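Shown next as structure tokens: one chain only, the form predicted alone.
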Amino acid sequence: MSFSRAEAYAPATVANLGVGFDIIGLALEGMGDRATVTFKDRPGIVFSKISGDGGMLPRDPEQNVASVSARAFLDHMGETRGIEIQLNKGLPLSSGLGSSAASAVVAVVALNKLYGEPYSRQELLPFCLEGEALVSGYHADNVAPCLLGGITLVAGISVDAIQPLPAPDDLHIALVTPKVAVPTAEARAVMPSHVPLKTLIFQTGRVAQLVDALHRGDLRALGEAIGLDKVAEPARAHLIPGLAQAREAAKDAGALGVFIGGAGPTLCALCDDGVIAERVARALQAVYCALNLTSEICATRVDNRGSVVLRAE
């Protein structure tokens, strides 16, 4: 069954989980992007509306991740009709919450619905990556959990390289996003091109510890592992104001571990209780208030659904 209009939702994500640079990501409940895609008779892709971006996102379909991903799908389908996209950004830009991945995913998921969903969520991955690559290169640590939900291990960019990891039931996450933009390109530019062998051994050991902790549901071991990054965080720490103070405040409030969400500046604190997560979020906001920086906070959990179609007609 085909449709003429479909609306979809794609959740926020955080990548890396500290030590898992470019290979681990998770989806977050309660925040994300929405898009409505409609077929039109004339060829081409147009944005009838983009909201929630403060006018920052390009309306040029060759420069917007949502339309680039949609174009990849349309070309694959051999479609001659055009589409109209209404994009509602529920995620701040350059925040470390997978904003570009959500835009890429939500457009493709809605478009797939217009055709009666011929492809599974996993099979939509290559199309979504085309949009994500526009701003941050071909890596799926945000796109995969955004599409599929949960926590994902991303060993490559092909469908068979994506593996789900268990999300412990008692895992809660406190987030703080200070009003400081950290563009992904800038955050990637400061990453070291080489790491010493000793650092490599340490880092791979912590990744193994993280995966083991998830499988055993050991949140304390998980919190320990994510806070031991020796590669990305040292290179990016100067881009995140108040990082050391925030980590200390979060742990004092009961957090098990703190890591930079993706490229930042969002900081994520792992907790084993919802009440503690709310307390940690307030403690994180207090740090940025003391630094005269406004911030947004949230206490949330892992979104196990991933992207979903909201309606179609």
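Treat the numbers as computed from the prediction; the structure is a model and nothing was measured. Position 1 is the first residue in the sequence shown; the rest follow in order.
Below, we refer to the form predicted together with L-homoserine (HSE), which is not included among the displayed structures.
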| note | Interface check vs L-homoserine (HSE) in the model of the complex: of K113, R206, H172, R236, the one with a heavy atom inside 4.5 Å is R236
| said: Check A12 for me: does it contact L-homoserine (HSE) in the model of the complex (non-hydrogen atoms, 4.5 angstroms)? | reply: no
| Partner proximity in the model of the complex: H139 to L-homoserine (HSE), non-hydrogen atom cutoff 4.5 Å | yes
| Any chance E296 has a heavy atom within 4.5 Å of L-homoserine (HSE) in the model of the complex? | no
| Should C268 be classed as touching L-homoserine (HSE) in the model of the complex when contacts are defined as heavy atoms within 4.5 Å? | no
| query | So, K179, Q285 and Y288: all three within 4.5 Å of L-homoserine (HSE) in the model of the complex by heavy atoms, or not? | reply | no
| Just one of 161 to 169, 144 to 152, 120 to 128, 181 to 189 has heavy atoms within 4.5 Å of L-homoserine (HSE) in the model of the complex; which? | 181 to 189
| L-homoserine (HSE) in the model of the complex - contacting residues of 1 to 39, heavy atom within 4.5 Å | A15, N16, F21, D22
